[in-house]
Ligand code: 8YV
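Given next, in structure tokens, is a single chain: the form predicted alone.
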């Protein structure tokens, strides 16, 4: 009996290929364009490694699709209602990425506060000939105020790390969270209050219609002149045009972003020319242990879906 075919949207490391065996076999995403109708009928699952748009018409091209398993938590690129209407199970990897993503949040915060990227370039360049204590003066992180927008699982992990820096921690969420306030010593604030008071603002919200351009021209104007914005959520949470204007005019001190819209940005995008912006290529969950755990969870979802069983890490569908 032939094994079920799972399409994978980017090449995968050999250890993930081994996780598939012996239940199913993987095939390249290019099969969608190059395959025959017969080969498309073999596709029983999708292993989403990147963020391709999976909507109803896409699903209809794969008449025997049973399960969509996303390698990551964010699921805004999958039409959940369309999947539910077609009886297609959808899973992701909750609980796998929080620690690594919070680590990167703090890394970006520290890098932007202490001029690590600019300092690295200068230290490697021809102009570093003697030590000058007046160069690259940054902003102290310890004792500063951190504002966390979105106190979900990742936001809480960020708060735990920030406590080690003796930071005052403000948070803003749709609902106040008294248990987190008690456990983590965080203080609830309106979005405006948070932006006005925080030296560092981290965005840790999911991508939803309500959070699209949550941070735009008006919100950026509320920030302190010495404030720094860190985005590890989704690129669409921040209005890129507004962010460029604010950074170019130096109305805030800087920003550090791990996500953009689109991703990657066009190589001539004006944000890429700014010196007060640190940008990384979506490294939020890019830790070796985290990636392996995500891979196993993603494959576990696929195996369950192929057998018609409830997914162990199912996404709530409509």
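Positions refer to the first chain, counted from 1. Since the model is a prediction, treat every value here as computed from it, not as a measurement.
Separately, the form predicted in complex with ligand 8YV exists; it is not shown, and the next lines address it.
Ligand 8YV in the model of the complex: contacted by all of 47, 80 and 303, heavy atom 4.5 Å: Negative, none of the three is within 4.5 Å.
Candidate stretches 29-37, 56-64, 284-292, 264-272, one within 4.5 Å of ligand 8YV in the model of the complex by heavy atom: In short, 284-292.
4.5 Å heavy atom contact, residue 99 to ligand 8YV in the model of the complex: Although ligand 8YV is absent here, residue 99 would stay clear of it in the model of the complex, with no heavy atoms inside 4.5 Å.
Close approach of residue 74 to ligand 8YV in the model of the complex, 4.5 Å, heavy atom: Residue 74: yes, in contact with ligand 8YV in the model of the complex.
Residue contact check: residue 199 to ligand 8YV in the model of the complex, 4.5 Å heavy atom: Flag for residue 199 set to no.
Any non-hydrogen atom of residue 234 within 4.5 angstroms of ligand 8YV in the model of the complex: Taking the distances in the model of the complex, the answer for residue 234 is yes, it comes within 4.5 Å of ligand 8YV.
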